[in-house]
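This document opens with one chain alone, in structure tokens, the form predicted alone.
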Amino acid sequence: MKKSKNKSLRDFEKVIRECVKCGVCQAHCPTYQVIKKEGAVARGKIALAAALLDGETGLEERLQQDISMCLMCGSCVSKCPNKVPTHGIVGAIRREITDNQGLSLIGKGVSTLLGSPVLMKTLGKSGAILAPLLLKKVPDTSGLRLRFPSLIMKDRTIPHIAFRNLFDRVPEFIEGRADKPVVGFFAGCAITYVYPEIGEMMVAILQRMGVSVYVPRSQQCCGIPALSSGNGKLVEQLAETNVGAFRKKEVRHIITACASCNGGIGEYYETMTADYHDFTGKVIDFSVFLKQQGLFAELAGMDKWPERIKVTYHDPCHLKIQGITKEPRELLRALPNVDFVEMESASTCCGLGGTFSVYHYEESKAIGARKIPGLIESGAELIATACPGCIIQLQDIINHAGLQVRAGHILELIAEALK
């Protein structure tokens, strides 16, 4: 039998035993703050994991419900005195559930879509044509124009779907200056199919810096949604495909402009039992890369615009857990077209959590709504972030709160400043 490249629950046994049930995680768990049940908090999930290992419980429905109530955001890990990786343990349990009982209907749909680039492209183009006919419009001022009338996610607002994806818009390889390195760009699903303009901005900024840019057409989803659904086999398949895609050209860095993708192809692939270290060691968030290349200093040296937009920042969980919190803020402060203001609860999870918001949309909305008071108090016109998934979730929360605020990507502001 082929050995899995994902860690099993048994691989986590040592760290599971290190949980001392202190309860520090309780104050930092987004799902617990909303539903107030012990099964939702990290220590409750660790107790279930230990019981599974000891044969004291099985994969019954109650356990599955508690394990599903996790965003895998890692908020508990950063505060845990023993750094018990609850998000990794939850992922292992979800894979065990899938291996024993199969994927849920939603999990099957997600996996079918993510595992087929042809289907992704076809649905993207079809959605761009059909969405305005099938979905209800919401006010243009909201930033998201369509309302999804589904019983699963009633009144979920979603962005316009782009007819031309990123691969239709940029070449696979763009030659730069001879004295500059070749860098790869891992775009991810949301940038490729939902926000291709963000990908274009990233490529344009890299071109301006003189580097050669490689955007392999064979790259696929990072695997975070499949990881959230418990589909370990698909995560392995996607990892092999993505690592192989960037082997075709020697690149010094693999840049991401999506926090979830950075966490997927960087942080998660690094934990897998396969030897992906040469690949994961090259993965770098765009803000860290741009700082290293001196763009922050260039932007800070520009004359401040007389009319600037007031901007605040939301920390995507997949960057926060890796300690990437200073660079995005330094970048926003350096921009000549921005007045940056810090908001209360900037680092709290928006509530998206991979497929969490599909399974538990009401809880997802409630988690996200906890950011609204801080956003109002900041007075910001735009809440910037570094994750397209967070943009979708934040704008949905803003729309439901009735605010005249837009959610957007930091790259939009950089592109504007460099025009």
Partner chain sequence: MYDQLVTELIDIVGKDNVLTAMSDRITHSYDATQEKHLPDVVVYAASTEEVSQVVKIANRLKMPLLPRGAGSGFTGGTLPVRGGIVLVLTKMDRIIDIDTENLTAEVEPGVVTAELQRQVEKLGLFYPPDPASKEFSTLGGNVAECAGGPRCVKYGVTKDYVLGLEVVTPTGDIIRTGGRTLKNVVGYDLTKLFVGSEGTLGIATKIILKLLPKPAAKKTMLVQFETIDGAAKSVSAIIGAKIIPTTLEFMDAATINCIRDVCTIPLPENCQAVLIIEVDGDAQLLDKQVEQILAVIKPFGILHTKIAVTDEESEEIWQVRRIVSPSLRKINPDKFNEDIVVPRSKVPDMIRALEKIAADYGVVIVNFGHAGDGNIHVNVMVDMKEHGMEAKIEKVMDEIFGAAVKLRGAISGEHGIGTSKAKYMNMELDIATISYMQRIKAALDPNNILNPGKIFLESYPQPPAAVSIQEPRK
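Since the structure is predicted, the reported quantities are computational estimates derived from the model, not experimental observations. Positions refer to the first chain, counted from 1.
Not pictured, yet referred to below: the form predicted in complex with its partner chain.
Does Y32 reach its partner chain in the model of the complex if we count a contact as any heavy atom within 4.5 Å?
Output for Y32 is yes: heavy atoms within 4.5 Å of its partner chain.
Contact label in the model of the complex: E38 to its partner chain, heavy atom within 4.5 Å:
Taking the distances in the model of the complex, the answer for E38 is yes, it comes within 4.5 Å of its partner chain.
Does K371 reach its partner chain in the model of the complex, with heavy atoms at most 4.5 Å apart?
Answer no; every heavy atom of K371 is more than 4.5 Å from its partner chain in the model of the complex.
Answer with yes or no whether P81 is in contact with its partner chain in the model of the complex, where contact means some heavy atom within 4.5 Å.
Contact with its partner chain, yes.
In the model of the complex, does every one of L382, H400 and R406 come within 4.5 Å of its partner chain, counting any heavy atom?
No.
Segment assignment from 303-311, 81-89, 188-196, 234-242: heavy atom within 4.5 Å of its partner chain in the model of the complex
Of the stretches listed, the one contacting the partner is 81-89.
Taking only heavy atoms into account, state which residues of 8-27 are within 4.5 Å of its partner chain in the model of the complex, ordered by sequence.
The stretch touches the partner through E18, C19, V20, K21, C22, G23, V24, Q26, A27.
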